[in-house]
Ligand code: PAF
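For reference, the chain that follows is the form predicted alone, supplied as structure tokens.
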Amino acid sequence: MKVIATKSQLKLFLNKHRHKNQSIGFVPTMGALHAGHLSLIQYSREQCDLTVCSIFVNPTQFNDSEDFKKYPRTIEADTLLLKEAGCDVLFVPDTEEMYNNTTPIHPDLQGLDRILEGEFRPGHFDGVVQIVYLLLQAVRPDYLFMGLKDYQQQLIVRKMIEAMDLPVQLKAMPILREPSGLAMSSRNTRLTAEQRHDSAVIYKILFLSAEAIRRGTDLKIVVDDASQELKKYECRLEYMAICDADSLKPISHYNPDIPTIILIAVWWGDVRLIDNMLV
């Protein structure tokens, strides 16, 4: 696996493969890799000639400076995992390398960046959109692989790609879960053993809520039941929303002909967990 720290070196290396008409898959990460990330590497390897992974803890997408400081950084372990997974290129730029001489972009995201995660994490998606754009400019991949756990994020990145007319195809891949049902996340490492055990209830709530929605249960009752279940634990529900899966606009009644998604954010101690489930 080739490890590269600058955009110029990355361009030189990838152009050699591009001139051979080899397809390039790209997996952007902030490190602290887990099986979910590695599944994206595997998807890319299956569909592309060359797979690039980036590790960059992006400061501009953290609305909480303490969260940025606490974000796990495990570059040595991550590098080993990527080598074992068969990744071809690891791009590890520093902040100066990524943001030097850059111009902010302001694509029309049709309001998707101001609701749900955008409401509770102001400025978060500005940072996400900017860094994904810069990484795509650096890598110039044919395919971009992202996980569906950050459902709203992948929708917004898709909008950005369309708005900026970028020649890349986004492939959103399924959520990987721990045996308990808890969605795999780099933040899970910050949970205590008890919190990690208890927070698996998030998946249970999503599953039972989806079943209730399909049975025709009033959506307000579904959310109220979920809230009551979470009150049994030492956690705080930030939001639970039942939305049109394409626009993320809240719905008042379930229509099986319209793709519907449940999205949830829960604080377990000082760790914020998000998850979702398509109905």
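Here the structure is a predicted model, which is why all the values come from computation and not from measurement. Position 1 is the first residue in the sequence shown; the rest follow in order.
One more form of this protein, predicted in complex with the named molecule, exists but is not displayed; see below.
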{"item": "The unique member of Asp126, Asp150, Asp142, Asp198 whose heavy atoms fall within 4.5 Å of the named molecule in the predicted complex", "value": "Asp150"}
{"item": "Position in contact with the named molecule when the complex is considered in the predicted complex, options Cys87, Leu155, Val132, Leu116, heavy atoms within 4.5 Å", "value": "Val132"}
{"item": "4.5 angstroms heavy atom contact with the named molecule in the predicted complex for Pro28", "value": "yes"}
{"item": "Partner contact for Ser247 in the predicted complex: the named molecule, 4.5 angstroms, heavy atom", "value": "no"}
{"item": "Leu206 within 4.5 Å of the named molecule in the predicted complex, heavy atoms", "value": "no"}
{"item": "4.5 Å heavy atom contact, Gln61 and the named molecule in the predicted complex", "value": "yes"}
{"item": "Options 106-114, 90-98, 166-174, 142-150; stretch whose heavy atom lies within 4.5 Å of the named molecule in the predicted complex", "value": "142-150"}
{"item": "Residues of 170-203 having any heavy atom within 4.5 Å of the named molecule in the predicted complex, listed in sequence order", "value": "none"}
